[in-house]
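Here we start with a single chain on its own, the form predicted on its own, put down as structure tokens.
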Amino acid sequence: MKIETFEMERMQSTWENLVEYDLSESGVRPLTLRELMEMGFDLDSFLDVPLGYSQSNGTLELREALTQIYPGATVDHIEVTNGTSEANYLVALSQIRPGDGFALETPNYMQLWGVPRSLGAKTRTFRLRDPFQTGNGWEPDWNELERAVTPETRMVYVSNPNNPTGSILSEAAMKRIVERCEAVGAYLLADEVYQGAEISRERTKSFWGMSDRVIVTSGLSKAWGIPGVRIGWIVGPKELIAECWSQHDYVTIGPNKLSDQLARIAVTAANREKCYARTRAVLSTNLGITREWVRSFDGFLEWREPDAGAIGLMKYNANIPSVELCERIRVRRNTLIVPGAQLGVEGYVRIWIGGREEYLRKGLGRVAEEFGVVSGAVLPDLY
């Protein structure tokens, strides 16, 4: 199959290890192996474990631990994958056929814009409405949802908490989306990888259990802060999980043995809460720094602060395309941020707020230098 370039991922993979300041990331700064050892991982014992193949759909121990997060799920409702991206990919690969309808919420992580199109799906979008126009939060445009989700729609994709806005759907909105999917017979694929990264509010409600048409994907990358182990998962109907496993056999076969072992430690209830608390502490501090930085531009930047996640989606007041603006910042300031155009919304940039405080301040200072040129604003004195 021919697939279009995933613009944001290609931009990041090209430049993120070459720039001095990478503010294109999207999770909290990662944990170390030493920190996971302090949570109970026995590295010394693992040194004697033969590095053969692990269970391809995830070990029973890991899947059993994950059932504790999703009430009513059994090990047969769960497939362990190499990150949430593979989870999303396997769901689409196993379910989408040429001519199917596919509906995508925007702005979003645009993986499931390119993949369904490569499989021959007729892909439509529905917007989260711009809060600077409505005066409300990032809630769906319900008219667009009904036009996009029709009896021909095979699957609907949302991320909640959302990447890149950091917004969280209300329970009423969640219910309305589920009801629309049930009415037309579509699956709802809910990417919940940011659940647990809430900054100052209660844990985000999962879509799991709201309908037998719901599929949830998640992983250790964002709220847990362990992206490098590449562990994600799918939770869904048993028959669909079996179909995803069949696709998995053709792609990466399964996760590696060390990652599975590390994930078993991380997802225990006590360690899960430790990871979430660490994430909340980092983001609470960094949100204050970023808030002050945004205010320093005297109107050049606007944002609705994220409810969850280590990212800030900011609207800028200048007549310059976001890709061009971000390229200027990369070339002139040696700093990487994400253009809104690569997330399905023009006139915005996405900036990482999950790093160490000193790194964040210096990176924002670099961005401020170029924003100052574009806007004529006085530069912040934070840096």
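Just so we're clear, the structure is a prediction, and the values are computed from it rather than from any experiment. Start at 1 with the first residue shown and count on from there.
One more form of this protein, predicted together with a small molecule, exists but is not displayed; see below.
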property: Partner-contacting position among 95, 88, 286, 195 - heavy atom within 4.5 Å of the small molecule in the model of the complex; result: 88
property: Position in contact with the small molecule when the complex is considered in the model of the complex, options 322, 26, 57, 335, heavy atoms within 4.5 Å; result: 26
property: Partner contact for residue 222 in the model of the complex: the small molecule, 4.5 angstroms, heavy atom; result: yes
property: Contact test in the model of the complex: residue 167 vs the small molecule, heavy atoms, 4.5 Å; result: no
property: Close approach of residue 84 to the small molecule in the model of the complex, 4.5 Å, heavy atom; result: yes
property: Non-hydrogen atom contact residue 290 with the small molecule in the model of the complex at 4.5 angstroms; result: no
property: Partner-proximal stretch of 76-84, 145-153, 203-211, 175-183 relative to the small molecule in the model of the complex, 4.5 angstroms, heavy atom; result: 76-84
